[in-house]
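Next up: just one chain, as structure tokens, the form predicted alone.
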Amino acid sequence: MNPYILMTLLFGLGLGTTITFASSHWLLAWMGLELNTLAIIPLMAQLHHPRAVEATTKYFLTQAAAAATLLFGSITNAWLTGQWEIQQLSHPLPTTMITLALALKIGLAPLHAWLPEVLQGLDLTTGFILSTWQKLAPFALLLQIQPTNSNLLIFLGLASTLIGGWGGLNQTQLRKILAYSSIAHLGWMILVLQFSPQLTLLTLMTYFLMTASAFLIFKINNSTNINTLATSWAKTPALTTLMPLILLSLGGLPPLTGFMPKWLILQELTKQDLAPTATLAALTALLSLYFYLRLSYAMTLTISSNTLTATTPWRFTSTQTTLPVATTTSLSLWLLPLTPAMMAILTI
């Protein structure tokens, strides 16, 4: 892709998210979301492969449906209350409609079916943007509206953690596994959204770090399914040693970074007298942990039969940038001791 066009599209992505962040009016927020969607579509279809074009079409249709529902909900709110302000969402009908529209935009279960299919058709770089940056604008709106229907949010959260764990069990494609991982993490964020928005923000940040780390390592190794993970030892031995820890961090095992948000969310849910919900969420995390362990096993404890020791690629100088992967990997593993400091910064 022409670098000028790429720069324009990335600028459009940033501008769309910034407009949604800065808006207090529903029409402006909707415009930012639309700009975001339109900017990523050429990036998704740039390979001109049938799978990429199919994924782009599916993404466009779902995002258009979600944006139309969001616009309809905000117009209904203006009709019922005379308010276009994002903060002034008081009527239960438009609140529910807008919450469901934003859930469809980010891929929360049971409105998740598009996400694994779309992610599977993209290359790892665009998939990484879709799994991280594209979640920011809808989350900014969810944090601002503070949905009052607690049962709806708890249902969306539990369904997402369950389907995110269950759906990934039988997958062999890494992009689909990462899509189900994304659904499960989003479920944890939504569960605690109404009780502690700061905690949702912390979970979103740690999810971004861990997902960035996983995507970048798969990109360096050029891995797209479980079988190709077996050749990782020959390509990047040091990263292959660290990768199981990153996957276990995604699964939420102590003493890694991923344990921090899960631990705090379970504590917050228990404080709110939602012990059964916390128990269910903790049990569904075991499903996710199983497929992370599968990936860890495939990557570190199996060696591809056709790799010759004499031709191991790690001996040659790599042209790929390693600073982003080094930064995200370090942060994905060792942030747990900084939990009090991070919570203090977010509650200012």
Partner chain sequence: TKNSGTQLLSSILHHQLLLPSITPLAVPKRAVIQGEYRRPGQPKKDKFPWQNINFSFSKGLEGIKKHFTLLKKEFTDHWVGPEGRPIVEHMLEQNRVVWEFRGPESLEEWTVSSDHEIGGHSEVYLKLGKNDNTCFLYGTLSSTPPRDGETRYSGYCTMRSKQPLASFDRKKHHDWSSFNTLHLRVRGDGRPWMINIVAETYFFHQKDDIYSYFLYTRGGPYWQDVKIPFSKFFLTHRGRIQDDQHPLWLDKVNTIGFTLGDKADGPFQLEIDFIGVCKDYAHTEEFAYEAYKRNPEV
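Residue numbers count along the first chain shown, from 1. All values derive from a computational prediction rather than experimental measurement.
What comes next is about the form predicted together with its partner chain, which does not appear here.
Undergrad: Is it true that T96, Q267 and I345 each have at least one non-hydrogen atom within 4.5 Å of its partner chain in the predicted complex?
TA: Verified in the predicted complex; spot residues all out of contact, no.
Undergrad: Of N227, T241, S90, Q272, which residue is found within 4.5 angstroms of its partner chain in the predicted complex when only non-hydrogen atoms are counted?
TA: Answer to the contact question: N227.
Undergrad: Just to be sure I understand the contacts: of L47, A67, A285, L35, which is the one whose heavy atoms reach within 4.5 angstroms of its partner chain in the predicted complex?
TA: By the 4.5 Å criterion, the partner-contacting residue is L47.
Undergrad: So if I measure heavy atom distances to its partner chain in the predicted complex, which of the stretches 212-220, 135-143, 163-171, 196-204 falls within 4.5 Å?
TA: Stretch with heavy atoms near the partner: 163-171.
Undergrad: Is there a non-hydrogen atom of E117 within 4.5 angstroms of a non-hydrogen atom of its partner chain in the predicted complex?
TA: Result yes; E117 sits at the interface with its partner chain in the predicted complex.
Undergrad: Residue-level contact is defined here as any heavy atom of the residue lying within 4.5 Å of its partner chain in the predicted complex; does T279 satisfy this criterion?
TA: T279: no, not in contact with its partner chain in the predicted complex.
Undergrad: Should S318 be counted as a contact of its partner chain in the predicted complex, where contact means heavy atoms within 4.5 Å?
TA: Looking in the predicted complex, residue contacts with its partner chain do not include S318, since no heavy atom lies within 4.5 Å.
Undergrad: Using a 4.5 Å heavy atom cut-off, state whether Y297 contacts its partner chain in the predicted complex.
TA: Yes.
Undergrad: Within 4.5 Å of its partner chain in the predicted complex, which residues of 49-78 have a heavy atom? Give them in sequence order, or say none.
TA: Heavy-atom contacts to its partner chain in the predicted complex: H49, P50, R51, V53, E54, T57, K58, L61.
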